[in-house]
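Single chain ahead, by itself, as structure tokens, in the form predicted alone.
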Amino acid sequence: MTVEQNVAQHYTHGALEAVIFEALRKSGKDPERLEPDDLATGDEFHIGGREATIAFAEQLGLRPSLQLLDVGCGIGGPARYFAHHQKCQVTGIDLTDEFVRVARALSQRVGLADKVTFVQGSALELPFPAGNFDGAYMLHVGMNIGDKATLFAQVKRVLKPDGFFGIYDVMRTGPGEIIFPVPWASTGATSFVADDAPTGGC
């Protein structure tokens, strides 16, 4: 298998949608009558969850009607937050087919299907035309992508000339080996954590 196939396999659950809806029922929510914020406690897989997404949105300076690209969208939590609370139009892309299917299903149930779009695909070969987005972002995705130069080149290609790219990622802050498994990888074969400063940097 390729690295990307291994990454997708690592994140595939097999019955994720059913598990989410069962958890919602146990928490007293009706899966047939959901509001966007009903998903907040389990909707986002990155460190800090919804609070981190809110802080990230503030740093990006989002405004209504922006066309955003969510690189490595997972089940779509941040995309739905930016669509519902920031009034942006968001397109998410993810390697994991199950994540994309669940993202679509959840968005449909909370009435955001017209504000968010999800596609299965690779961040290294974005299936979008040049200059298509006002901004792009990724949350805890880069640690699964080794070829960061291609990633950044692809994002730059699909952004408008004055577009922005926000990154919130797991970073290496000191020496030492990563002990596997970790949440994003079972082995070092799919882990590409970057240093928080350039080597030999200034």
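For clarity, every value in this text was computed on a predicted model and none was experimentally measured. Note that residue numbering follows the sequence shown and begins at 1.
Quick note: we don't show the form predicted in complex with a small molecule, though the next part is all about it.
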Practice task
Spell it out for me: taking the small molecule in the predicted bound form, does every residue among Val7, Thr96 and Ile145 have a heavy atom no farther than 4.5 Å from it?
Solution key: yes
Fill in the blank from the handout: Note: the small molecule not shown here; in the predicted bound form, the stretch from 55-63, 173-181, 154-162, 133-141 having heavy atoms within 4.5 Å of it is 133-141
Problem - Heavy atom of Cys73 within 4.5 Å of the small molecule in the predicted bound form - result: yes
Exercise for the section: Evaluate Ala123 for contact with the small molecule in the predicted bound form, applying a 4.5 angstroms cut-off between non-hydrogen atoms, and reply yes or no. Expected result: yes
